[in-house]
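Only one chain is shown below, in structure tokens, and it's the form predicted on its own.
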């Protein structure tokens, strides 16, 4: 594969190409995470093997019962498109060590066991059919491989495990055509990029896939950060990964998951925060043992997709970080000269927006392009002729576009500077 660069030279090289490689991802904003593996059979948690101390030989038998029905990856991809998502990330190997592709590195895979099929190949085909960008999740931690824990104290085991890891990544980057995302997880028990050989492995992956983007979980910063379980704005490219039900990344029965599932408003709140912070939302589903999408995920995701058909222009595309606090009835995102108000409450009559020092050029409702009359004075904008009811019947979350004469300057509460908490 050629000579490997030093860490400094490597980071300079990927930084030089990052804007070009990341352009589609920065515009996509919304993707689907799919956690699918043997743990689906247990229906409790994707860490069930360790949390319940199941012996490896006992857990391994689950592989023979693993039976994803034909066509389930296509079902995931179709739902992702219906939800307005632009890319997917599949767990090709989770911590349990079971590989969903035709790997030569271990017989513990979906071709030698269970269905006798390459699920990764089916997933890639489905993504391409529906025009979705393709991401591969790969867990560095491995509870099944005999060197998965020995590597912590045995240098020979560590080298064998590095070669196993590199071989798996090489196959994933070589056997399925163009791949867009390599999404590592859990760099345990080796706690340094040297321990994992990440510098060499990631350079190999990029040589095989020049357009690849990589997350930050192999102990190198790479292309984007990955806050988990909360949509937290970072000072870099970032993507919040969130479970759908708030309980488990893997499958749990619908009658237990449904009360905690995200509804359409909850998903839109997460999307708003991602857009306001110039980040992405990767929302997970945990398919059932046969690969079907849990019922509680389908309705809300389709509702979000219908909402995005009307208001997608406020989500997709580049966004500036920061969300001006301009009123109590809406949240804001910024793009160039435009501010988008995502309504939380629909005003009853004229509604005010405070703190903008820049001249407002126009105001309109997204979706139906209806112009809104306004007045502006003393850093106060009053929208005059809003409809009596929210024009969004899906989530009661309409969006108003404010276009200013230049990138807006905003400072809330300038009239009330004597209040210390506003200073």
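Worth saying up front: this structure is predicted, and the values here are computed from it rather than measured. Numbering follows the first chain given and starts at 1.
Omitted here: the form predicted together with ligand GLC. The next part is about that form.
Contact annotation for residue 241: at least one heavy atom lies within 4.5 Å of ligand GLC in the predicted bound form.
Ligand GLC is not shown here, and in the predicted bound form it never comes within 4.5 Å of any heavy atom of residue 29. Shown alone here, residue 75 lies farther than 4.5 Å from ligand GLC in the predicted bound form, counting heavy atoms only. For residue 185, a non-hydrogen atom is located within 4.5 Å of ligand GLC in the predicted bound form, even though that partner is not displayed. Taking the partner from elsewhere, no residue among 86, 302 and 313 has a non-hydrogen atom within 4.5 angstroms of ligand GLC in the predicted bound form. Taking a 4.5 Å heavy atom cutoff to ligand GLC in the predicted bound form, the contact residue among 219, 95, 206, 145 is 95. In summary, among the residues 249, 196, 307, 342, the only one with a non-hydrogen atom within 4.5 Å of ligand GLC in the predicted bound form is 249. Per the 4.5 Å heavy atom criterion, ligand GLC in the predicted bound form is contacted by stretch 30 to 38, the sole one of 375 to 383, 30 to 38, 61 to 69, 356 to 364. Residues are counted as partner-facing when one of their heavy atoms sits within 4.5 Å of ligand GLC in the predicted bound form; in 41 to 61 these are 46, 47, in sequence order.
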